[in-house]
Structures are given as C-alpha cells and as structure tokens.
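Have a look below at one chain only, the form predicted on its own, in structure tokens format.
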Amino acid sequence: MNPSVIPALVLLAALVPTAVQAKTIRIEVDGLVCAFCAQGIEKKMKAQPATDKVFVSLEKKVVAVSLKPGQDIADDKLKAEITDAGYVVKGIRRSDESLDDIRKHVKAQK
C-alpha cells in the first residue's frame, strides 16, 4: 500500500459514523401496582453495573434505565431480572433519548 494513502484512510475512518449505542432502555412492565413494586424494580436495576439512573412510572407501567457511557445490559438480562421479581415484560426499547426526556414524555401521556 502506498504510504501516502494511510493519512487519507485515517481521515475517512474518522468521518464515517459509528454505531450509536443506546443511552437508555425503556421497558414496558405489567404488574407494577404499588410504590413497593417500583422501589423493588428500581433497586434491581440500580444493582446492574452498567446502570446510571432509573425511572419507574407505576401509572404508565414503564421502567427506564440510563446507561453509563460505554456500558450496556443485554435485553435477556433485563427481562430475567424483572420476571424473576414477579413481573411481566411487555417490551424493551432502546433509545438515545435522555432519561429526563423519557420521564417528561411518560408524565405527559394521558
């Protein structure tokens, strides 16, 4: 390879967007009915090494987990933690929204 091509390849690689890792995970959970439920799920999610913050909405049955930079939690791990606690996972969605944005959207839903 021509040595003069290497700087151009390095520049090109820097300009190509890389896969964006989700900042938050939104989990739809059935069975959340009381503050004790919310507290238990929050404690389980915070125990995960990759977790930064947790938001639980009893009213909308949503658990949102923000991840530490560069960290992740597998969907099957999240599902296992929640089902082992006695709840049903209805869906898991990853997003680059902040936890505060998810909290605002959930609270704004009627």
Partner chain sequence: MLLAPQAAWAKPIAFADGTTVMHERNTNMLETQAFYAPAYWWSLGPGFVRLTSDDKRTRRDIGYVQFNVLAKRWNLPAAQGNLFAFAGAGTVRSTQAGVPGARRDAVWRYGGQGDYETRSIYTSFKVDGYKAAAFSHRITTAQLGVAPYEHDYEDLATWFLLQARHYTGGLRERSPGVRRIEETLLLRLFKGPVWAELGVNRERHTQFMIMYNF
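Fair warning: this is a prediction, and the values are worked out from it, not measured in the lab. Numbering follows the first chain given and starts at 1.
Keep in mind the form predicted together with the partner chain is missing from the figure; the text below concerns it.
Between the partner chain and the residues K53, K61, K79, R26, the one pair within 4.5 Å by heavy atoms in the predicted bound form involves K61. With a 4.5 Å cutoff on heavy atoms, D72 does not count as touching the partner chain in the predicted bound form; it lies far away.
Under a 4.5 angstroms non-hydrogen atom cutoff, the partner chain in the predicted bound form has G86 among its neighbouring residues. When the partner chain is considered in the predicted bound form, Q48 lies well away from it, no heavy atom lying within 4.5 Å. Of the heavy atoms in K68, none are within 4.5 Å of the partner chain in the predicted bound form.
Taking the partner chain as it sits in the predicted bound form, the stretch 39-62 comes within 4.5 angstroms of it through a non-hydrogen atom at Q39, G40, E42, K43, K44, F55, V56, S57, L58, E59, K61.
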